[in-house]
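Taking the form predicted on its own, here's one chain by itself in structure tokens.
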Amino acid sequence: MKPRRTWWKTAVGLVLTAIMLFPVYWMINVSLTRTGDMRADPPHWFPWAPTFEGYADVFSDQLPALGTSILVGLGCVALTLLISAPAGFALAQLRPRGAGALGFLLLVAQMIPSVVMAMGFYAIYVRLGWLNTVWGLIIADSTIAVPFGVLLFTAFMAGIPRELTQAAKVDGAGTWRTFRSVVLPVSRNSVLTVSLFAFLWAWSDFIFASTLDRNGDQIPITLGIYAYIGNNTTQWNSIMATAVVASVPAAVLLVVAQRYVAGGVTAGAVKD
């Protein structure tokens, strides 16, 4: 007999879901609210007279910033995969000396605050002349994603049956050919998971962008929002409209890649 779900558990779930989604609703509500109604008391819980001025500002002012964010995100994904996938394969399958210590260092690296890393990058970029460049921002964002990617690839590739790689060696494949033709195709879930998280980290980054690319010709959308913040006035509907538009790609990616992410994150957790 299928157990019946009690009504109060459903009610608690709905209340908690509403609380968590309320900031999203309020962001959309403010993005549609007219400037003259921003300080209404009591506040307007629903935009009875909606305006799309904020969204008009976004599509007239922020498209270059959105393009920069997409470029930085894709660049971060490419650089992260280029480094973390071979590194994870080496740690999982080749098992070099010191692999355990290296894995521990990667775990520690994820605990370093982004502010501390941003200050270090700033000192280095000033000397190299890399401030206010897109590729400098890509490198900085990748330092957050690469340790995560290496650890995830290591956990997944450690669970790949040794018979697969040994059969490739019997057929004459070298280490690189085995990695490229055998290991990578069966690691699709992990590749998608690492790619998704790397893109989202780069897409939502503010610390590195504000420290390393504040005065650049190409700024990401996280800095583009500042165009609507002045000394005396703040265009809240434009700010919230920018936040709504910037949230759409992340939400779409999460929904589309949900099942792959679940498989990639739990990979290596259980061994047969």
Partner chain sequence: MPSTVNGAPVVVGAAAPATTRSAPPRRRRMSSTRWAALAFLAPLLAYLAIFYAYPLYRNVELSLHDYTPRAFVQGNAEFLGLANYADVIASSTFGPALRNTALFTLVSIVAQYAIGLALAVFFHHHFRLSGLLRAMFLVPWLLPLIVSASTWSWMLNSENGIVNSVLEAFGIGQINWLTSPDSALWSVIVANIWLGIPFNLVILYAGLQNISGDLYEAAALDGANAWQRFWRVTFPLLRPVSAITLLLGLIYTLKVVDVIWIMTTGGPGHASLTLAVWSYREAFGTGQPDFSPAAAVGNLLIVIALAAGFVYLYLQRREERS
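The term rigid core refers to the maximal set of C-alpha atoms that superpose within 1.5 Å between the two forms. Positions refer to the first chain, counted from 1. Note that this is a predicted model, so its numbers are computed, not measured.
Beyond what is shown, the protein has a form predicted together with its partner chain; the following relates to that form.
**Q** Identify which of T68, S238, T222, Q62 has a heavy atom within 4.5 Å of its partner chain in the model of the complex; exactly one of them does.
**A** Result of the distance check: T222.
**Q** Taking heavy atoms only, is G73 within 4.5 angstroms of its partner chain in the model of the complex?
**A** Taking the distances in the model of the complex, the answer for G73 is no, it never comes within 4.5 Å of its partner chain.
**Q** Although its partner chain is absent from this view, report whether P43 comes within 4.5 Å of it in the model of the complex, heavy atoms only.
**A** Residue-level check for P43: yes, a contact with its partner chain.
**Q** Is there a non-hydrogen atom of V170 within 4.5 angstroms of a non-hydrogen atom of its partner chain in the model of the complex?
**A** No, V170 sits far enough from its partner chain in the model of the complex that none of its heavy atoms falls within 4.5 Å.
**Q** Taking any heavy atom pair closer than or equal to 4.5 Å as contact, tell me whether N132 reaches its partner chain in the model of the complex.
**A** Output for N132 is no: heavy atoms all beyond 4.5 Å of its partner chain.
**Q** Does anything in 118-142 come within 4.5 Å of its partner chain in the model of the complex by heavy atoms, and if so which residues, in order?
**A** Going through 118-142 in order - heavy atoms within 4.5 Å of its partner chain in the model of the complex - the hits are A118, M119, G120, F121, Y122, A123, I124, V126, R127, I139, S142.
**Q** Would V24 count as moving between this form and the one not shown, using a Cα shift of 2 angstroms or more after superposing the core as the test?
**A** No: V24 shifts by under 2 Å between this form and the one not shown.
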